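Here you get one chain, nothing else, as structure tokens; it is the form predicted on its own.
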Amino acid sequence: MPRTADTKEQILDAAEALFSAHGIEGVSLRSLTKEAKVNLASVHYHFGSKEAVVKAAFARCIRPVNRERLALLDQLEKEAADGHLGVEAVLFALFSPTMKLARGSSERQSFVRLCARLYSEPADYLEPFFEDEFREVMKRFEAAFARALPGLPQHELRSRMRFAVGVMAHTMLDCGRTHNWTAGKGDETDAQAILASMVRFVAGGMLARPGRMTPAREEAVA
């Protein structure tokens, strides 16, 4: 592999590790170059700015995940043909690629934490980039959920999809909290169990009857 490619990957590896552990704002270019064992000129040569490093690290992380999501959805739709799509099956296609990373090596786990960090700590310059990266995925999954939940208004469907992604991001950000929140009964290393529990939980919300809360609950929220 050419030396320049090695240097670029070194920078991205360091960025992934640091951003996933400390967040975007918590990492300086100085700490990045120190972790990557390169000089500042190398970062500017390959990327031009810290913002460009963030985008490149995220793209390297999320593109394989999104390809797998779409492949799973393709298979699901092929098997369903003209029949009904199940909400849990669609959620599985959306969630499972990230859980596959979560139960992999420590390097794969940092991928997952990086994605969760960037979702939970958005920056203005990333919003157009996110839209580009997720456009096809969101379009395909919105259509799949609409097929699984016929009659649900589009604005309600999109809100529920947003909540679903939020649950996934929170879970991926720190699976270790599962152990504490369940008084030691939840095993954060059992990715399959976490995936199954997350799918069941989110499916309940996706399938809920749309409508307003009771007056008493609306007053409590207000």
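Note that the structure is predicted; figures quoted are calculated from it, not measured. Numbers follow the displayed sequence, beginning with 1.
Unshown form predicted together with the DNA; subsequent notes refer to it.
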Using a 4.5 Å heavy atom cut-off, state whether R158 contacts the DNA in the predicted bound form.
no
State yes or no: in the predicted bound form, is some non-hydrogen atom of A193 no more than 4.5 angstroms from a non-hydrogen atom of the DNA?
no
Given that the partner is absent here, does Q154 sit within 4.5 Å of the DNA in the predicted bound form, heavy atoms only?
no
Can you work out whether A41 and the DNA are in contact in the predicted bound form, taking contact to mean some heavy atom pair no more than 4.5 Å apart?
yes
Pick from 22-30, 193-201, 61-69, 162-170: which stretch has non-hydrogen atoms within 4.5 Å of the DNA in the predicted bound form?
22-30
